[in-house]
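What follows is a single chain, given as C-alpha cells, in the form predicted on its own.
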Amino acid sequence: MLRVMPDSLADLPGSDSIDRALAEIEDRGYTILENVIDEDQLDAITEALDRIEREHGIQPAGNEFEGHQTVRIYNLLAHGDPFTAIPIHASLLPVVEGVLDPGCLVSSLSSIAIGPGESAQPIHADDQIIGLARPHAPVVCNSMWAITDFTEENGATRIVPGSHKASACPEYGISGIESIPAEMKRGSILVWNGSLWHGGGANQTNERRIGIAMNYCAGFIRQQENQQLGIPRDLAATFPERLQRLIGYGVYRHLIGHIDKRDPIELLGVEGGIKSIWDL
C-alpha cells in the first residue's frame, strides 16, 4: 500500500493530482506528469549537458545495458546548477514522498541520451538487486524527465504495466516480454515504482532521445550513487536544506544515519538539533 504522508502533502496545491498520480502508481506501477518542466529549465539542462559532455569527452559505455550508442553522464549534482533544482521539483517530489515517505533520499541523478541506431535495453526492474521477496512495499521510486519528446520511434522508455506486483524479476536479456512505450512530450516526467519492469527503447530516428534519470530510494536503502563522497562538501553546503537532506545529510526516523547522535547536516554548517529515537 502506498504511504501518503499528510504532513508533507496535504497543504500543497494540486493535491488532487498528487492523489491521482499515487493511485496510478499503485495500480499500474507508473504515472506521467504532463508538461510540468518549464522551458527555461529544459533549455538550461540541455545546454549544461552539452557542455559537460564536450568538456569531459564522455563516450558511450559500450555494453548491452548502458548502450553502445547511448551517452550517460553520472553524478550530475556534483556539477551544481541547473541540476540542483531537479530533485526538489515541486510537481515531482510530493509524488515520490507519497510512494516512499518524506525521509526518502536521492539515489542517483544522471542523464541518458539514446543515440540513433541504439537497440532496446534489456527489460529489468530497478530494485532487482535488492534481496527482498516480491512483491514488496516500494523501496525505490524513479523518474525520467523528457528533455526531448519521447516517442516509440526515438526510444521512449518501454514499460510493463502492473509488473511491479509480480512475484519475480524479469530474467535478464530474455526476449519476448510484452511492453508499451511511455510516450510523452518534452517537459513531462514519467514516475514509477522501482519494481516495475521497464527498459529504454530502440532509437530508429536520426536524433537523440534525451532524458534525465532522477532516482530516489527509501531512507533506509543504500543510494545507487554515493552522494556524500561524490559531491564536494563545500558545494553541498550551498544546496537548499531540503536537497542537503535528500542527498543524505539527515537522519531517517531519528535513528538511521546519525553521527554520534548528532545530525549530519551540521557538517555543512547548518543547525541540526535532532533527537535520537531513544531520547524521544
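Numbers follow the displayed sequence, beginning with 1. All of these numbers come straight from a predicted model, not from anything done at the bench.
As for the form predicted together with a small molecule, it is not shown, yet the points below apply to it.
The candidate spot formed by Ile45, Thr84 and His89 is out of contact with the small molecule in the predicted complex: none of the three has a heavy atom within 4.5 Å. Screening Ile112, Ile189, Leu105, Leu100 for any heavy atom within 4.5 Å of the small molecule in the predicted complex leaves a single hit, Ile112. For the candidate set Arg134, Arg72, Arg208, His79, a heavy atom within 4.5 Å of the small molecule in the predicted complex is found for exactly one residue, namely Arg72. Among heavy atoms of Pro181, none comes within 4.5 Å of the small molecule in the predicted complex.
By the criterion of a heavy atom within 4.5 Å, Phe220 is excluded from the residues contacting the small molecule in the predicted complex. Within this chain, Pro94 is remote from the site of the small molecule in the predicted complex, having no heavy atom within 4.5 Å. Taking the partner from elsewhere, Gly199 is found to have a heavy atom lying within 4.5 Å of the small molecule in the predicted complex. Only one segment in the set 22-30, 37-45, 64-72, 244-252 has residues whose heavy atoms sit within 4.5 Å of the small molecule in the predicted complex; it is 64-72.
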